[in-house]
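Read on for two forms of one protein chain; each stands alone as structure tokens, with the labels structure 1 and structure 2.
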Structure 1
């Protein structure tokens, strides 16, 4: 296949990407530097819209809170989801007969829309008729039958755990593929030298999984920073209860569509630009660090 034929095949995908992703991104970036009165664009504003995010209410309280929730969401998802995913992938790697079937079962929630998952778990965790609290009461754990989504102390952790439940199939599949590429001869040589199974995993298998761990970590960071559907399904656009499930994406939604402010387009575009810088900068820095570790392993 020559280059012209290859370009012919990728042109439709590039066109769709340009129209639906690149153009809105560039447009939002440009909107952030202008004054706005409703939908009418005014003069050049410079960094005024960005300054409003740091000095004007409600951004002075909502933005730090939402950013903290995004960070906690990433840390919680990263630790729980990836730890369980790696463990499950390692256990399934030893079950050749049932590995494919079990991987499919773990990945099934991943195929369902997050908004549907959110509404489903809202019903399951209902304090009045939800089966989760009913089951806890029947087994004698009445103290655990809590208003999970109505308590600010538990609502964010519910979002994290439900996200882990939905997306656990992604690291399972990725780590499973990475484990399949680890030469079995290396593990056998370590066992011959007297290494235990745990030592073999820590000293041989785990270092070879660093590229896969890095990929999952970066993608988890991007997903956590732009999460919208699941928090919206649980707490609405205001991040109920009491803003405990508020995320930057929800703040952007409120600013752009619910605030009614005359400069909503400018400030929401500035917020979207700021979020893009955080995601791009964080992903780029993490990728650079992981590449250094990969070079140390391979050298």
Structure 2
């Protein structure tokens, strides 16, 4: 295929991608550095919009709180999916007959819209009519039948655990694929030398899984920083109850579309830029560390 024909083939995709993805992504950042009056763009603002995020209400209270929730979301998800997810993948490994069926079942909730998942668990956990609390009462755990989503102390953890429940099939699948790539001879050799199953896993298999764990961590980080639909379904755009399920994306949404502040475009774009820097910086740093590790184990 010559160059001219090739470019003709690429043009429709390039036009679509350029207009609806690249152009908005690039302008998104420029918005943050201008003064805004409603939808009218004023002069160059430098870092003024960014400093507003650090000095002005409601950002001074909402931003650190939302950021903390995003971080907790990431840490909580990592802890659960790397313990339960890895254990499940490890137990599934070598169960040739049932593995595919079980992996498929674990992946089912992943298909469902986060909005549906949020409303479903809101209903399941409802204190008035709620199968979960009804069940807890029936088996004699009345003291556990709490208004899980109404209490600011527990609501965030419900959001995090429900999210893990929805997504766990993904790490199970990726860890499963990675385990399949670990040469059988290695763990066999360890076992011949008298290592127990657990020792073999810790000393032989786990180090070889680090690249997969790294991939999952980077994707989880991006996912946790962008959390929007699930918390929206649980606590609305204000992170009810009492801001306990607020996240940066919700704060961004409120600032951009609900606040009515005259410079809403400027400050919300600054927030989006900040979030992008955090996501990109975090993902980039993690990938760099991983590359170095991969080099070490392959050399």
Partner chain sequence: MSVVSAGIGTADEPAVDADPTLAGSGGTGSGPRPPRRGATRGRATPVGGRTASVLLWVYAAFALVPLLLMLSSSFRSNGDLISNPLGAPWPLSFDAYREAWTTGNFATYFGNSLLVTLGAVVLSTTVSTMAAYALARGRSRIFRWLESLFLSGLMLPIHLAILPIFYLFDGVGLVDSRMGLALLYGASGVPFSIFVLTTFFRQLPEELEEAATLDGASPWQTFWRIMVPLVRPALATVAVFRFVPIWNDFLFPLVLLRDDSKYTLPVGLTQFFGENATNYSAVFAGLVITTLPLIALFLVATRQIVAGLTAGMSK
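Residue numbers count along the first chain shown, from 1. Bear in mind that the values here come from a model prediction, so they are computed numbers and not experimental data. Basically, rigid core = biggest C-alpha set you can superpose within 1.5 Å across the two forms.
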Does structure 1 or structure 2 depict the form predicted on its own?
-> 1
Rigid core superposition, residue 20 Cα moves 2 angstroms or more between structure 1 and structure 2 | yes
Examine residue 280 after superposing the rigid core and state whether its CA is displaced by 2 Å or more between structure 1 and structure 2.
-> no
Once you lay the two forms on top of each other by their rigid core, how far has the C-alpha of residue 11 moved between structure 1 and structure 2, in Å?
-> 5.7
